[in-house]
Each structure stands twice: as C-alpha cells, then as structure tokens.
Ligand SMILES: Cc1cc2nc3c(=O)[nH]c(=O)nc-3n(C[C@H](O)[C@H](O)[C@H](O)COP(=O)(O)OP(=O)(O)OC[C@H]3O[C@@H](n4cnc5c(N)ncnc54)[C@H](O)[C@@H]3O)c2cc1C
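Heads up, the chain below is alone and in the form predicted alone; it's given as structure tokens.
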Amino acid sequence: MKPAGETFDVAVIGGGSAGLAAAVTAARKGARTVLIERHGCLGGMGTASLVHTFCGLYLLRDEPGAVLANPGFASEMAERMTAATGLGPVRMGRVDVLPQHPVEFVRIADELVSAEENIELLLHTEVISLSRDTDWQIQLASRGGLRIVTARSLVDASGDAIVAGLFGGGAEMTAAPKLQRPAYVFGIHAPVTLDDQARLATAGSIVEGIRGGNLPDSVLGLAFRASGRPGEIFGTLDLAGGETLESYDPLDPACLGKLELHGRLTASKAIAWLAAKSDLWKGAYISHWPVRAGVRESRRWIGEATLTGTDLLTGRRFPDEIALATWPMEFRENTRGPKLRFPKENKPAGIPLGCLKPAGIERLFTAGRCISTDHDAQASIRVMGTCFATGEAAGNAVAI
C-alpha cells in the first residue's frame, strides 16, 4: 500500500453530474478537493451511459419559452452545452429539455476541473473502505495498487450511496419490483431523418419483427433521437434488469453484467432487423456502446430530512431549501415506457438541505440521485439538471 497522501479539505466520491458540480464548487470556494471517479471520464449518466438530454433544468410552464430553475452551476452547464452544440431547449409535451452530447459533456467537464488548481482528479479509482476519527481516511484502489487519502469533509455523489454500503447502514433501497428500470442507450449511424412518417414506419417494422418472433418484446419500447450531428442517432431501450422484475439488483455485479450483455444483444438484433427490412434504415449500424447501462435508481441515504412524492405533487417549499425540483415524477417501473405525474399548477418543490445530510454523521454530505427521498420523489430528483443543483449545494456546504 502506498503511504497516506496529502490531506484535503474535501473528498468527492463520484464524478457524475452531482460530483462534478460539488468538486468544482468546493474548489472555487477555496477548498483543496480530491475528486474520485471509477471511469476514465467525468459525467456519469451523461457520458458513460450516453443519456443525451439534460432534464430538470427548467421550470414547468404552460407558456412557451424555457426558464432556468436553478441559478449557478446548473445554469452554467446549460450555457456551456448550448455553446458547444448550438442547440437550445426543446419542448417535449409539457416539459422543456436541453439536448446534450456526451462527447461535449466530457470535454466541458475536463475544462472545468482543469481550470481549478484546488482539484486533484483521480480517474480509474474506486473507494474500497473508509473510516473517520478526526478526518476521513479513504482507502482507494487502482491498477497501481492501494492508496489512502485524508479529507476533512466528504461528499457521496456515487449515485449508489456507497459510503452507506461501506458503513453497513444508513441507507435504504426500494424493493426490486418497484425499482426504476435501467436504460440502455447506444449510438447508431444511419441516414434516416426522424420525422413523423419515418417514426411511424419504424414502429411498424419493429412490430412486424416482434409478431414474427424475430425480435424480443423488449424492443417495442425502443426510442430514437437525433444527436444533432449528421448521420448520428441515439437509441434507448428500457430493460427489465433481469429475467423477472423481482430479480433486478442494481448493486449486484452479476446482475449488471447480464444486463449489459442483454442490452447489447437486444440492440444488435433491433438495428440488424431494421437495416435488413426497412429502406429507411438501409446501411444502418451500431456505432458505439455505452461504458455502462444507465441505472436510474438504487440505494438512497436516510437523511435528516426526506423529500416525498407528496412534497413534489404539492410544490412544498422549505426554509432551508437549496434547490428546486422541477422535473415531473417520471416512473419507469416496467419496460412499457414512462408514466409522468406532474405537480399541481406546475409548482416546483424545494429540496431542503437536510436531504443532503445523512442522519447522525458529521461532515458528510450527499448529492445526486442518492440523496434522502422516498421512491416517488427520487423519480424526479434523479435527473441531471437537478443533480447539478444538489451537487453545487453539497460543494457549498462542505467548503464552509
């Protein structure tokens, strides 16, 4: 094992949307910060899992025109992504979203952390144990061996509340049958223009393949969206996560391994079928896979406060709120597509600071999809726009 390294003011576990925001914010406040990420790039769901829209950035409005909900880091990311892609917000039904490209997200994240002298970035690194006396002692593993870093304060932005897992308590997870189903997003090279006529014809070809036994039923929910780059399309599948809904465990590597294999097999069959049977998709092929499937829900911290679905539906506000939750509760508890529940009068709900403070543990904050909520509220706050905001709040809290 390598000897203990320097002591940091802040350690951030996880470099997704929330972790990126937390680390950059803390560093800008003057805190010496170490950002620990298991993959080779930052961005989490927006890069490794190829999720290609920023949801939760904007207020819900009946009127046209997108209005940013949370100032600060979330708004900065919206501005940077718009400048990178040339694409502005898009109205989809009752919500506004910002198209984003994973390649640009990686570049923007690289620029943000490289600009901060107070950040030490550790990619390809996993947290394997931790303890706390006066400061946090964090044991890390990489291909180079083991290393210990010390930090005064800690942010768990892992998405899976891994600090709770290492502690052996302080978190909860919804029973498997109700867990949000995972997404499998992949890149496609295809000459097709995705207008209404093309989408209708594509849906017909998929139904034909399913009825003829050439495609599995799970392909029925396959959705396509243009990336904004010529000839590039993203395909998205919602998967059951296991042989049955009850067998899905987003923390089990064996389950996740089968999920990755199933996602690639299902996507390959779907695109091969369309390329062979539809003139629209002639010559289409899968151009790239995600680093990992998109887990929407797993373990959540039990905090000093817990945001609930009722809070979201009623637009409840809090005196210590640190951000607004503006995305409807988007339930994906099966593979038949989303079910959305909107708040009354489109009112945003506040997210209290207590949701970011695990109960009974000093100098520990959490951010992103594993903050303290119930299952229903998590269906709203898990999106990247809201994760930017909770990450920034956590970064501000630990830098004090």
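Numbering starts at 1 and follows the sequence shown. What you see is a predicted model, and the numbers here were worked out from it, not measured in a lab.
Omitted here: the form predicted in complex with the named molecule. The next part is about that form.
- The contact residue chosen from R336, R363, K29, H39 relative to the named molecule in the predicted complex is H39, the criterion being a non-hydrogen atom within 4.5 angstroms.
- Though the named molecule is absent from this view, in the predicted complex it lies within 4.5 Å of a heavy atom of just one residue from A389, V24, V383, V10, which is V383.
- Although the partner is absent here, C55 lies within 4.5 Å of the named molecule in the predicted complex, judged by heavy atoms.
- The named molecule is not shown here, and in the predicted complex it never comes within 4.5 Å of any heavy atom of P358.
- With a 4.5 Å cutoff on heavy atoms, A157 counts as touching the named molecule in the predicted complex.
- When the named molecule is considered in the predicted complex, G294 lines it closely, a heavy atom lying within 4.5 Å.
- Comparing 306-314, 252-260, 70-78, 159-167 against the named molecule in the predicted complex, the single stretch with non-hydrogen atoms within 4.5 angstroms of it is 159-167.
- Along 7-41, residues I13, G14, G15, G16, S17, A18, G19, I36, E37, R38, H39 each place a heavy atom within 4.5 Å of the named molecule in the predicted complex.
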